[in-house]
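What follows is a single chain, given as structure tokens, in the form predicted alone.
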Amino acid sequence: MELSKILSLGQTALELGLMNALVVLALFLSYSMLNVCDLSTDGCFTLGAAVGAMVALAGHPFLSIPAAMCAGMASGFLTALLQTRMGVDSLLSGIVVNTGLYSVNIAIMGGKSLINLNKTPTAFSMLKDFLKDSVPALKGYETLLIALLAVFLVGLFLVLFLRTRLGLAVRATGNNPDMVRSSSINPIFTTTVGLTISNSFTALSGCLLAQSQKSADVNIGSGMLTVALASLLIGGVFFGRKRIPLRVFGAAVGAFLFRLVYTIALRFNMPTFMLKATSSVIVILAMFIPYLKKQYPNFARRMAVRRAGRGPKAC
């Protein structure tokens, strides 16, 4: 394979990995910190793509980004409302919201299942025109620059937020809700804040992906939860017990590694229908490796005892 093709594949994997890293960071907040498995991720991702596409079609490509994030916050608020105020199980509330968002997304897209943005200015196309005239050396890297900037800002926000009193309360809610309640902190409020913020990141990812691909499909978020969870687990293999900044960095690295595996699989002509199975295998391996690392000392100790028992016996 030529070097140019390898670099092109690496750039594609990095671009998609960085955009997916926003969803991974959202799961890092909701799943790792808040201990809530939000199953509305797929629908919220599509919601961000739909809102971003429609606002861009209206002639406001940059306004589409905060609009998509606000839509994601509304989705997260509804999910939190169901599980905190209405007594619905956290898993079931995510499923209900994800199911309802399918109809909401089609309604936002004007009853269509696909929105075409080929002739519509987007944040990426506007940056492309700017770089073409001012910085020709960066031509072709507009997608990478925007994705990298978005991941940097979201990661920086998470690192700073989780160090505040509210962020510490969110982390404590995920560790021990009863202790938080006894400390006069309202776990309902912290859960709502955590899910609202995390879903805004998910919607942001969907908005950026739709604008970069110049289209928004109603199924664009299908399987995104599996991809993000696998990426989060991969990052946890390397940075699982480190400090928050390194764990945030590890989440982004995990997203890139996952996309790199996808890109390599497509390069070797793997059938498209096998990609879901590949995601499942990666999730299993990502969950099995930490377990294997934990069990390895006990296994090594048992093997040492067996070897000692088979040694030469005294006469």
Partner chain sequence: MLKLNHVKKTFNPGTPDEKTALSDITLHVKPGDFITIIGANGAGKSTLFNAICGVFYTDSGSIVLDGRDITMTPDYHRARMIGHLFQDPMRGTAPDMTIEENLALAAGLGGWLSVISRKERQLFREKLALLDMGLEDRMGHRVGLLSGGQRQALTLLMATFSTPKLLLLDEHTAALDPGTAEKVLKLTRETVADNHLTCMMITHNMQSALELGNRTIMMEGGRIIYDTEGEERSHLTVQDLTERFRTASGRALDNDRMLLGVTG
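Since we're looking at a predicted model, the values are computed, not measured. Positions refer to the first chain, counted from 1.
There is also a form predicted together with its partner chain; it is not shown, and the following applies to it.
J.: Look up in the predicted bound form whether residue 168 has a non-hydrogen atom within 4.5 angstroms of its partner chain, and give yes or no.
T.: Looking in the predicted bound form, residue contacts with its partner chain include residue 168, since a heavy atom lies within 4.5 Å.
J.: Is there a non-hydrogen atom of residue 178 within 4.5 angstroms of a non-hydrogen atom of its partner chain in the predicted bound form?
T.: Although its partner chain is absent here, residue 178 would touch it in the predicted bound form, with heavy atoms inside 4.5 Å.
J.: Just checking whether residue 128 would be counted as a contact of its partner chain in the predicted bound form - the rule being heavy atoms within 4.5 angstroms.
T.: No, residue 128 sits far enough from its partner chain in the predicted bound form that none of its heavy atoms falls within 4.5 Å.
J.: Is it the case that residue 183, even though its partner is missing from this view, gets within 4.5 Å of its partner chain in the predicted bound form, heavy atoms only?
T.: Flag for residue 183 set to yes.
J.: I need the one stretch from 207 to 215, 241 to 249, 73 to 81, 107 to 115 whose residues put non-hydrogen atoms within 4.5 angstroms of its partner chain in the predicted bound form.
T.: One stretch meets the cut-off, namely 241 to 249.
J.: Just to be sure I understand the contacts: of 189, 152, 141, 102, which is the one whose heavy atoms reach within 4.5 angstroms of its partner chain in the predicted bound form?
T.: Going through each option in turn, the one that passes is 189.
J.: Out of 172, 88, 224, 123, which one falls within 4.5 Å of its partner chain in the predicted bound form, going by heavy atoms?
T.: By the 4.5 Å heavy-atom cutoff, the listed residue in contact is 172.
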